[in-house]
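A single chain comes next, written as structure tokens; it is the form predicted on its own.
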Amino acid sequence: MLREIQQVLRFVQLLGKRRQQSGLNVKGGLLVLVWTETGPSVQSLNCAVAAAGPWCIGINMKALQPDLKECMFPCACPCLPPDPEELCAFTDLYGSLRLLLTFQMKDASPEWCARIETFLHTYSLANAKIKIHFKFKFSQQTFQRDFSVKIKNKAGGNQRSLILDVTCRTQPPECVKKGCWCQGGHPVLGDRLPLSIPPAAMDQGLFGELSIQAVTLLSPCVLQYPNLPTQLTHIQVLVYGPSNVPVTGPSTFFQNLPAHLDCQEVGLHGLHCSSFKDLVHSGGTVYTVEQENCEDPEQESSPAPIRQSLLLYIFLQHSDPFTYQLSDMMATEVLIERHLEDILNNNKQAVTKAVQTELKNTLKAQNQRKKNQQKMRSAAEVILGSSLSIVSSSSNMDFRNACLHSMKMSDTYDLSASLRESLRRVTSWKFTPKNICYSAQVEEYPESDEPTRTEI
């Protein structure tokens, strides 16, 4: 089922590249409708993929010749179109349908719902201008999910422009001033890395130039609070094909990658691959970041740091002047995905070095923050000790009583804890305005088309 949906999206995306190069709008809607049909001996799973809006203008259904349909749905069976009422709400939002393809698979199961949902969520992260509607009907149960992006950001590459979902879904702490929390992340564009094609893939017909483009996204953004402690908890790797459609299936190369990374150079204590089943929409490969043991009792008593996650996009890029037919381009992308593990292993040293460099550059500012915060904590201890020494050593009872009264404390022991908390609160939540950050007071979340920053 995922393969067929993936092929439909490739078909629309490859046509969309030509429209995007012509300066046409790429906004619009996508509907994926899945329902079951019980037969005499087996339960079938029907799927309809519909598209409407400017992003699919120019699609000619007659262009889907039998050979192209067979390429898109090699194992699928034809099925009846969905109930027109199911499409009414979609067409009311985006206008008349430009594309409607239906197919059927055997042996339906409820697990398809989660797999398709994860795939569409991953697709929406790198195609933020397209609003996706997913509806799944299994037996008497109905599940519906919409992927609508609030904040988008452009990451311009050498061959294409990427519109990413950078919405920060982490709720700000209670101590944050209203309107002073960054609502969107800031993608960092990495260098393009050319790849060599292994002989086995060339024997299957894969030629041309192949490369990868890395983009990193660290969220939530805490640039406005330089003294706020943070903790990177996990790193997620998502791989996309040349048509900007996610590559399905687990990657053995990226699962084994942490063993070949120099975590100390990156600024991390350690990484290990995790299935991360507790996270919703955990597509791709997820690394859990190992945390250092905290032996400082003062640090243990302080509030928990803001948890951050790092999203690493890997975009495959391919060009071949002899491949210009739509069916050939789709077949080439299938070939790239089929041989992706061999391609990555054939370029293992270069890809590992590139990932290491991107992680190091992205986390450079965070590691510098930790060093500055350590200096701040050391200075705070000096300030705290000096203040307590002045109060406790003073022989002027009026001065000592005035200090205790102003802090609403009864003795110097309670004064120490109160001063420590006040000093931590003042330094941790120091607010520094940044033009690159979004404001929570903005009612309509803005869309940034500015070039991606090269560093945080």
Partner chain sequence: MSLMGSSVAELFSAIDKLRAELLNNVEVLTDCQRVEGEISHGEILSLIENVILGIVTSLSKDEAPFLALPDRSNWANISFDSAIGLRMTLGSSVTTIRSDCPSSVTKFAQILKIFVVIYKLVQSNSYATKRDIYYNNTQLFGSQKTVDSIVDDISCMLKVPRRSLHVLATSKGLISGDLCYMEEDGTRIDCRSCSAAAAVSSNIAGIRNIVSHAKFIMIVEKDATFQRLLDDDFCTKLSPCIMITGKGVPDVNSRLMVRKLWDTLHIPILALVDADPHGIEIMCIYKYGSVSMSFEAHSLTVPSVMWLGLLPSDLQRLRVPEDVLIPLTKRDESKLSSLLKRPYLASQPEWQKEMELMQQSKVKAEIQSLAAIAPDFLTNIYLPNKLRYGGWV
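Positions refer to the first chain, counted from 1. If you superpose the two forms and keep the largest set of C-alpha atoms that fall within 1.5 Å, you have the rigid core. Worth saying up front: this structure is predicted, and the values here are computed from it rather than measured.
The same protein has a further form, the form predicted together with the partner chain, not shown here; the description that follows concerns it.
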(request) Heavy atoms, 4.5 Å, the partner chain in the predicted complex: which of 237-245, 342-350, 142-150, 376-384 makes the cut? Say which one. (result) 376-384
(request) Quick one: from Asn256, Thr170, Gln325, Asn372, grab the residue that has a heavy atom within 4.5 Å of the partner chain in the predicted complex. (result) Asn372
(request) Just give me the single entry in Ile59, Leu45, Val49, Val391 that has a non-hydrogen atom within 4.5 angstroms of the partner chain in the predicted complex. (result) Val391
(request) Decide whether Lys27 counts as a contact residue for the partner chain in the predicted complex under a heavy atom distance cut-off of 4.5 Å. (result) no
(message) Taking any heavy atom pair closer than or equal to 4.5 Å as contact, tell me whether Met407 reaches the partner chain in the predicted complex.
(response) yes
(message) When the contact criterion is heavy atoms within 4.5 Å, does Thr412 count as touching the partner chain in the predicted complex?
(response) no
(message) Please determine whether Ala417 contacts the partner chain in the predicted complex, using a 4.5 Å cut-off between heavy atoms.
(response) no
(message) Aligned on the rigid core, do the two forms place the Cα of His405 2 Å or more apart, comparing between the shown form and the other one?
(response) yes
(message) So, superposing on the core, is the move of Ser386 at the CA at least 2 angstroms between the shown form and the other one?
(response) yes
(request) Please check if Leu415 moves between the shown form and the other one, taking a CA shift of 2 Å or more relative to the superposed core as movement. (result) yes
